[in-house]
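Next up is one chain by itself, shown in structure tokens, the form predicted on its own.
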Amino acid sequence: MRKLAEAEVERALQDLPEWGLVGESINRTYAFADFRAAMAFVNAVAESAERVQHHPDILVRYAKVTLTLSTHDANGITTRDFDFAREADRIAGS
């Protein structure tokens, strides 16, 4: 998997306005009604991550969940990260 150039990352982020660039990763924070809803999202994301073998970093703060994506094998951001970002948005109902 090839690491994307900065211009490619910026173009891809235009299609995912809730996601942002943080160093060599992309991330988004989702807000839910409560802790239970946040954990349901985390569990659904975990199932999807296992299925595609691409695992985000996950930070849970009560009803907020932050996902951070990068492709460690490529030392940066790849199309795989954007594919998973779209899947996480789908799971969240965005």
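Everything numeric here is computed off the predicted structure, so don't read it as measured data. One-based numbering along the sequence shown.
Quick note: we don't show the form predicted together with another copy of the chain, though the next part is all about it.
For the marked spot (2, 9 and 28), a heavy atom within 4.5 Å of another copy of the chain in the model of the complex is absent from each of the three residues. When another copy of the chain is considered in the model of the complex, residue 35 lines it closely, a heavy atom lying within 4.5 Å. Among residues of the shown chain, residue 42 is one whose heavy atoms approach another copy of the chain to within 4.5 Å in the model of the complex. Though the partner is left out of this view, residue 49 does reach within 4.5 Å of another copy of the chain in the model of the complex, counting heavy atoms only. Heavy atoms closer than or equal to 4.5 Å to another copy of the chain in the model of the complex belong, across 36-68, to the residues 36, 39, 42, 43, 46, 49, 50, 55, 56, 57, 58, 59, 60, 61, 62, ordered by sequence position.
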